[in-house]
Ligand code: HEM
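We begin with a single chain expressed as structure tokens, specifically the form predicted on its own.
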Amino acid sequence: MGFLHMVAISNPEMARQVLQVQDNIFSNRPATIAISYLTYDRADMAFAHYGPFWRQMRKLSVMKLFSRKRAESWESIRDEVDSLVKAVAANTGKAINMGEFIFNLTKNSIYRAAFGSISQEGQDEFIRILQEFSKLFGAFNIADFIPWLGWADPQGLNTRLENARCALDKFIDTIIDDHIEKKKRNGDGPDDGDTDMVDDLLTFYSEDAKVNESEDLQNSIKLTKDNIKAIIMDVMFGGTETVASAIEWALSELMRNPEEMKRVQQELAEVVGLDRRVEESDFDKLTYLKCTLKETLRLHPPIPLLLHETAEDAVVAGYQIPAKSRVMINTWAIGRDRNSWEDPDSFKPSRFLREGVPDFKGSNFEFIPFGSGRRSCPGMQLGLYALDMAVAHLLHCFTWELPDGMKPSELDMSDIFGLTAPRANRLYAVPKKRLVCPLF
């Protein structure tokens, strides 16, 4: 396309070649003009080239931002699921916009984990900035393919990019400055019980970025304000739309397949009982619920196309792939590959009850909703926790019907293609209370 070589990978064997066998060559991420500009020239983790900086950033994410020890993130999800149950309970018997309710759940929990703020003040503005970023990330820009046409800019993308980054600067600079101020007031910083991701990142803050390959994380990486802003954007992007879309798809698929819904709710009744809410300790026993969520991720991977870029010339299955080629791994097509999956387009959670069926931990290339190899999703555990919590509570606390006597087969299941692939139309559903105990 123009000056760019594009390669599409649509089956598990080729994906294995790229993500495992030659992982070192395919570990870079391509960045469009929009992405480079909006991530402060790849100052983040998602688009940073593979190398010492990226390796230390990945370590920081796994050990600090998404670690199970960061209890605040997990707690914010539990609190927001409680709020969701309350909000749904207040609307029983009415058709409600579940897509909107679910998006608020993920937005609030990620916002709180990142900024430590439960207040709604400023949140709407931040969501507007996020939505504009999302559109700009996905927009077609002729200059990405034919660089010398950059001056033309018929869509006015350059102005929109400047405005979007300016809005983000203003918003996050204020938050970072407040945190720095709070840190000064508290001497050595807040106690661990009250930190958010900005606090965690500020412990690595310096005017000049620095990176070396030392084992001691604190001495091996220093982050500038641009790094901190770009990483916060990664977290907000990676954790809001993707998780919300997976929860909404899970509910949609179950409403379209009432027999499967019945089976999941039957399991919840047997394992948990109708006289209490689901608790974390129940999850391991909810086998069929887990199968249902896996089947949802197979049919609706959070990011349908994983983008990689070659660091040098490569040969895959006899094909020459030049350096700097853009490689798109089509996880959507791989999850529906007829050679790997029986009746691939049908929603059948029971397929995951069989022995030896692929799992999504990253080593079965027939099923890679979180990617695989070095560039797999560092926030996978937190995202899965939110998905488990939300779907289990919604199915256990309520029974669900489609509005206005709509038949399951009439439910529109089309999606929108972009960086993520959410439902084209929000899911509307009618909840009725199912438990015999008070919901809160």
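One rule holds for the numbers: they count along the sequence shown, beginning at 1. Computed from a predicted model, the values in this text were never measured in an experiment.
FYI, the form predicted in complex with ligand HEM isn't displayed, but the following is about it.
Enquirer: So which of Val235, Met98, Ala314, Val264 gets a non-hydrogen atom within 4.5 Å of ligand HEM in the predicted bound form?
Expert: Contact residue from the list: Val235.
Enquirer: Though ligand HEM is not shown, can you say which of Pro302, Pro349, Gly116, Gly335 has a heavy atom within 4.5 Å of it in the predicted bound form?
Expert: Checking each option against ligand HEM in the predicted bound form, the one that comes within 4.5 Å is Pro302.
Enquirer: Can we say Leu254, Pro258 and Pro431 each have a non-hydrogen atom within 4.5 Å of ligand HEM in the predicted bound form?
Expert: Contact check failed for every one of Leu254, Pro258 and Pro431.
Enquirer: Which is the contacting stretch out of 86 to 94, 274 to 282, 362 to 370, 341 to 349, given heavy atoms within 4.5 Å of ligand HEM in the predicted bound form?
Expert: Only one stretch passes the 4.5 Å heavy-atom test: 362 to 370.
Enquirer: Does Ser67 make contact with ligand HEM in the predicted bound form, using a 4.5 Å heavy atom cut-off?
Expert: No, Ser67 is distant from the partner.
Enquirer: Phe398 near ligand HEM in the predicted bound form, any heavy atom under 4.5 Å?
Expert: Result no; Phe398 lies far from ligand HEM in the predicted bound form.
Enquirer: Taking heavy atoms and a 4.5 Å cut-off, does Arg58 contact ligand HEM in the predicted bound form?
Expert: Contact check for Arg58: yes, within 4.5 Å of ligand HEM in the predicted bound form.
Enquirer: Is the gap between Asn227 and ligand HEM in the predicted bound form 4.5 Å or less for some heavy atom pair?
Expert: No - in the predicted bound form, heavy atoms of Asn227 and ligand HEM never come within 4.5 Å of each other.
Enquirer: What residues in 30 to 59 sit within 4.5 Å of ligand HEM in the predicted bound form, counting heavy atoms only?
Expert: The stretch 30 to 59, when checked against ligand HEM in the predicted bound form, contributes Met45, Ala46, Trp54, Arg58 at the 4.5 Å heavy-atom cut-off.
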